[in-house]
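Only one chain is included here, represented as structure tokens and corresponding to the form predicted alone.
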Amino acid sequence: MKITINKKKVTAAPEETILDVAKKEGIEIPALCFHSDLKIKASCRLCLVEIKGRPGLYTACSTKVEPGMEIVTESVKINKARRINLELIFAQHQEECNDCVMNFNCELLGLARKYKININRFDDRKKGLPVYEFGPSLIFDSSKCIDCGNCIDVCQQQGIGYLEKKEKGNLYRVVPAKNKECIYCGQCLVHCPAGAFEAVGEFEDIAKPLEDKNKVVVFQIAPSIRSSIGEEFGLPHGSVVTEKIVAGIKELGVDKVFDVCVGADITTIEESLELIERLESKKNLPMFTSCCPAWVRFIESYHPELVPNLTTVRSPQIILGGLIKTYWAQQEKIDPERITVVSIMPCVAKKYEITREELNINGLRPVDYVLTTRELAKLFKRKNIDLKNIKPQKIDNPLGLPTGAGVIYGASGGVMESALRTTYKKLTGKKLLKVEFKQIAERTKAAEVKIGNQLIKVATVSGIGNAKKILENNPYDYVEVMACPGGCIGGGGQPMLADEEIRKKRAASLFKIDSRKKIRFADENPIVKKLYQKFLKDKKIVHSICHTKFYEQN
């Protein structure tokens, strides 16, 4: 159908909203509470427009287009209403701009500047409201909450419902539920437009080892970071900036930078061995992946009867951290107690994962600190490190050269595909070049892989809400689950307010790296081969570095 926006004739499809069409045409309409992942609420009242022949103002996010519609997105009447609504939003949002997760990229503050409003016209009515800390991963400052409901919606979408709206006095407030457990996925954080949620920060703690000359500081970067952090510096979505990240980290005074993808190659090999063992014994099937700590926490908290189905293999960051403090420390003749390992992760649940005592090796944590993608970007900006223009540097050897199989761990389906490549090769001696997945439900794919005379049924799913459906009817042998939409590329530590299109671009870049790699099978990685020949040849060592146990959480 044909409609007109700001005197421009455009084409619109049935069921599209005015906001949908405006976005498609590059016409800006402020929509603070809108997120394409979530149901439309029209609560912020900023996307107001006028429609010719109709009285009043309409919310663009919830008004569907009709043939011949003539729409105006900016007028004296609209702007007056937007200014009033913005002032009212600021009245329930306590400002802490310099120390906010939205700092450098705040739409709310940008709109205040655009419409020239006084953000302090009204007293903050939420001043003094509580700050909640969710384990070692998340902080929720309820004095900053603008009541858009995004956090509640995404938490329900995840199938958890940890966040809920309760009436307190004459106000409704977002509060954590008393009878549920947070799984630390961080989707509340990346869907909040007002900076009410943030990761538990570690800038001050990181400064100490960097300044201690007796410490050897090693950073390790996760697979998905390379295709997402560039967004924080104005680069196109999906830009791969691996060597620029290395250069930026070296500017901080870090001694070595390694690649978690090497740890992912080892995770693949160990997971493949465990899968073969379970298929032969037909015990504890389906086998679930355990790379995602939010998924693991969900199983431990809500489905403890399925704990035996989780693979015992540690996540890539924990395996590589363990190798840094054992193998690499021996090679370099460094006392492991002098080594500080910092992981750069797309995930706030990883902050929780490193606190699990059962992962310790010889009394030491494999990983000492976790910084999210956003935190590293913020650290770069504070140190005036411009990732966009910095001269790239190669990642350090020997733990910096992964296969393509390790890189795709950053996107949904990557762990599964990596493990199946190695499993197929081990059992047949041939190479499985591609797994033909079919979409069977929202963010859920399945495949059947014939290995010899055996047909293995597998599935990959992202989003805990979608995973719960798999648990209800599970005919599979092997299932990969990632808590965040699209996998780690959509994690709670990634650049803010990404939508499905942005996540797809980040994921596509990782699979493109894989397709161009000379070595795409984990077991063919030269450094991994050397590790198994020289260091991981003893089962006790393999178990202490590569495997763990999971437990029911009280």
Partner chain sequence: MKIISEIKRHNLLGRSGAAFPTALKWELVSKAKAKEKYIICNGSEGDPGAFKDGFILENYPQEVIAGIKIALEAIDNSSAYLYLRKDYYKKFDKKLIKGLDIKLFKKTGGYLAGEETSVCAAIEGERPEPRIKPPFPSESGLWGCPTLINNVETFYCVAKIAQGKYEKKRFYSISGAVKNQGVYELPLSWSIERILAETGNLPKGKFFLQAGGKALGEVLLPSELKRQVKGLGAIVVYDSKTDAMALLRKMVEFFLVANCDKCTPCREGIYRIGQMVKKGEIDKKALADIFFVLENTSFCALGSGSVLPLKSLINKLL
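Numbering follows the first chain given and starts at 1. Note that this is a predicted model, so its numbers are computed, not measured.
The next section is about a form of this same protein that is not shown, the form predicted in complex with its partner chain.
Out of the listed residues Arg125, His303, Lys180, Arg278, Arg125 is the one that sits within 4.5 Å of its partner chain in the predicted complex by at least one heavy atom. Site annotation in the predicted complex: the residue of Ala329, Leu273, Leu285, Ala81 reaching within 4.5 Å of its partner chain with a heavy atom is Ala81. Every member of the trio Ser62, Leu88 and Ala91 reaches its partner chain in the predicted complex with some non-hydrogen atom inside 4.5 Å.
None of the heavy atoms of Ile160 is located within 4.5 Å of its partner chain in the predicted complex. Using a 4.5 Å cutoff between non-hydrogen atoms, Ile40 counts as a contact of its partner chain in the predicted complex. Of the heavy atoms in Leu510, none are within 4.5 Å of its partner chain in the predicted complex.
In the predicted complex, its partner chain sits beyond 4.5 Å of every heavy atom of Lys430. Per the 4.5 Å heavy atom criterion, its partner chain in the predicted complex is contacted by stretch 54 to 62, the sole one of 500 to 508, 514 to 522, 23 to 31, 54 to 62. Looking at 158 to 186, the residues that come within 4.5 Å of its partner chain in the predicted complex, counting any heavy atom, are Lys165, Asn170, Leu171, Tyr172.
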